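One chain comes next, on its own, written as structure tokens: the form predicted on its own.
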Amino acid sequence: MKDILNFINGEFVATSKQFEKRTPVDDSLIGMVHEAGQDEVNAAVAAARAALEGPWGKMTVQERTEILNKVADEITRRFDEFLEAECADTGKPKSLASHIDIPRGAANFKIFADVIKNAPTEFFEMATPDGKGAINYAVRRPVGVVGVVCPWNLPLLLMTWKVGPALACGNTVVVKPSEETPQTATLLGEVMNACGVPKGVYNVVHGFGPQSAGEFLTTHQGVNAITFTGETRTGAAIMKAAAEGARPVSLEMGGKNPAIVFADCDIDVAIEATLRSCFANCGQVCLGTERVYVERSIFDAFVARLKEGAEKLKLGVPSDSNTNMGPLVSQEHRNKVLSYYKKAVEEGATVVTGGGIPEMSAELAQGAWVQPTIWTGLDDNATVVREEIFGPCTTVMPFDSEEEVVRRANNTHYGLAASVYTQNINRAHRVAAQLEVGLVWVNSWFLRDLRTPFGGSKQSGIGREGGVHSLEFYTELKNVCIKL
């Protein structure tokens, strides 16, 4: 049993109100999380403001980036502690978290430390009526105190994806991790203290959304900007809260991402990537694939091979090196996913594989397990084709022409990501240009260069992060005009 505390002004803070943290592996109680109230959120924002106006705000870029590199190194040094905490909270396999979550969590600090040191701004000379001229140059200044609201699917990775650039740019942060995955955000507080990050620069408040830490943070007028990753409904609520005070938001929200498989693809590549995009992290990936469109001539063969691959997935505990799929994050989320499994059948789906709860050993029977699931026989109006599920499931549908599949892929309120599988380079460029999404992968999935823009269109988000694109949100660009 752990006490999972808030981290405010460099200190770990207990509260009288607590809630349970259970592991999704077997539903056993692993900790009590101390819920922040309005007073704790006020204290965190005040601490962040004081640090912004104090030691952190007075540091040079070189000094800040040296500290952030130490933070990255300390995460790596304490790799096993972060790995244990992340897997206990999420239930994901250690083989996955050790390859993606923890290394990327550390890398995000180094990447943005490099970006801010090398980011150019603008300089212009201009003529004036007296002939002496003037010069204009731009300088970047931190936006201020940033509220960071994080999801539960990749807790450390997606939190540091925001905290890294925010701190590199000279801001201070108040982080509200998901109530489902509180541990690594708290553990990072220990790292911040060990690396000499001034008090108040990094703060963590635990709790829920409405009438809890999430609402208190996003409505706080001492917060200058809010960045969020999560479901579209919550993002819309945050956007409404941010309207009070006209505060900027960066939102990465839901998706219903398509994969388009043409008959001329390398089918081995398409199957391998689609299996990962549908079932990695138990389907709890914002960039995951929930709609697969396959050209009719290879449809049956593709479905057969996808079924074969899904049925080879091994469900198990995080510590088993053979495990490649863990449980869903919680019982509540499992109930949601299972309701979609039921809905698919009610609407006429053919269940190719899965569709229910797997048989697990007695000690794991109370965990949040579901079967990897593939459906066929549905059209584009089916509920499971329209709505984001965020589980290990996908619908496979045939198509007959390029024009048809582009139209169908774009027929959604979302616009986060898509994958295209073809060996025709002209088609690849042509289709990628027409897809209404923020990211398109061709003959791959989840291949991420952290310098490139990341974000969604339509109801999948507002703004772009990654490389210099993050600087547009985490800094204010100020123009200075000097008359010569």
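No experiment lies behind these values; they were computed from the predicted model shown. Position 1 is the first residue in the sequence shown; the rest follow in order.
A second form of this protein, the form predicted together with a small molecule, is not displayed here; the remarks below concern that form.
Report yes if all three of 152, 254 and 286 come within 4.5 Å of the small molecule in the predicted complex by some heavy atom, otherwise no. Per the other structure, all of 152, 254 and 286 touch the small molecule.
In the predicted complex, does residue 177 come within 4.5 Å of the small molecule, counting heavy atoms only? Result yes; residue 177 sits at the interface with the small molecule in the predicted complex.
Is residue 230 a contact residue for the small molecule in the predicted complex, using a 4.5 Å heavy atom cut-off? Residue 230: contacts the small molecule in the predicted complex.
According to a 4.5 angstroms non-hydrogen atom cut-off, is residue 158 in contact with the small molecule in the predicted complex? Taking the distances in the predicted complex, the answer for residue 158 is yes, it comes within 4.5 Å of the small molecule.
Using a 4.5 angstroms cut-off on non-hydrogen atoms, would residue 295 count as touching the small molecule in the predicted complex? Flag for residue 295 set to no.
Which of 367, 372, 182, 214 has a heavy atom within 4.5 Å of the small molecule in the predicted complex? Answer to the contact question: 214.
Which of 169, 273, 310, 238 has a heavy atom within 4.5 Å of the small molecule in the predicted complex? When the small molecule is considered in the predicted complex, the option within 4.5 Å is 238.
Options 298-306, 387-395, 67-75, 121-129; stretch whose heavy atom lies within 4.5 Å of the small molecule in the predicted complex: The contacting stretch is 387-395.
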